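Shown next as structure tokens: one chain only, the form predicted alone.
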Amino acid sequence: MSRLIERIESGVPGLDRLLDGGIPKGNVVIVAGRAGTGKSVFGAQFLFYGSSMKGEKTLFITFTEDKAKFLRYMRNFGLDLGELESKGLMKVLNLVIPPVGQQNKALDEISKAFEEFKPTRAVLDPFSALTIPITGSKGELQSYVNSLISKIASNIDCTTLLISEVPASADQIGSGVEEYVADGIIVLYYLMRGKAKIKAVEIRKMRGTKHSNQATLLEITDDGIVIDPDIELT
């Protein structure tokens, strides 16, 4: 049954094999991990493939990176996002985290970007930055995150990755509600093998398709992220 669902190729070598052929079109997927695990490269590679190989319009919204610095950094992995932007295939927006009490301003800017550019792939990096202005109770935070993800999911023709930072001392992703509301969760993390630290990827959830549940080797190369589905880590 899952093979009847329309899928999109991720552009990350090896990932689609773990997803029985690709990410179901229109899914909102959390890509979570600690600093240095490759989340931003993962997101940029997903968009780069869509624009450069499929001619799709893609949208990258960042809240923490200077745009010029970000574009320069991604070129180190063979991802020339600036060239795609000059061709009108990609839009890279650097939005400011709104002050306390004005979190809906960011939501309005995000909605406007989706409505005007009409991307078929999008990345928000880091999505967790949008919760910084929330100073109320945990319930209020979860309600806001729920409404935010629901708003993003309303763009049914767009497959969206939400990059989420996981603090070194935490196991929970974001406020906790993200794990239930999002269609998928992909976690990037470190594993120790003797004295060596290696990177791994694990698909914890993906609506609409069968998928591997195993931790799998992930490497960041000069050409971006590569996943080896044949190397499972235990």
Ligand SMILES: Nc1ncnc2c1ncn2[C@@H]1O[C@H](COP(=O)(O)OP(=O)(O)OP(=O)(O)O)[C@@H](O)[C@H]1O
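Treat the numbers as computed from the prediction; the structure is a model and nothing was measured. Don't overthink the numbering: it's just position in the shown sequence, from 1.
Unshown form predicted together with the named molecule; subsequent notes refer to it.
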* Could you tell me which of 22-30, 201-209, 178-186, 40-48 sits within 4.5 Å of the named molecule in the predicted complex, going by non-hydrogen atoms? => 40-48
* Considering the named molecule in the predicted complex, which of A196, M53, A68, A35 comes within 4.5 Å of it through any heavy atom? -> A35
* Looking at the partner-bound form in the predicted complex, is I220 within 4.5 Å of the named molecule by any heavy atom? -> yes
* Could you tell me if F117 has a non-hydrogen atom within 4.5 Å of the named molecule in the predicted complex? -> no
* Asked: Could you tell me if Y144 has a non-hydrogen atom within 4.5 Å of the named molecule in the predicted complex?
  -> no
* Going by the named molecule in the predicted complex, which residues of 71-88 come within 4.5 Å of it through any heavy atom? -> Y73, F77
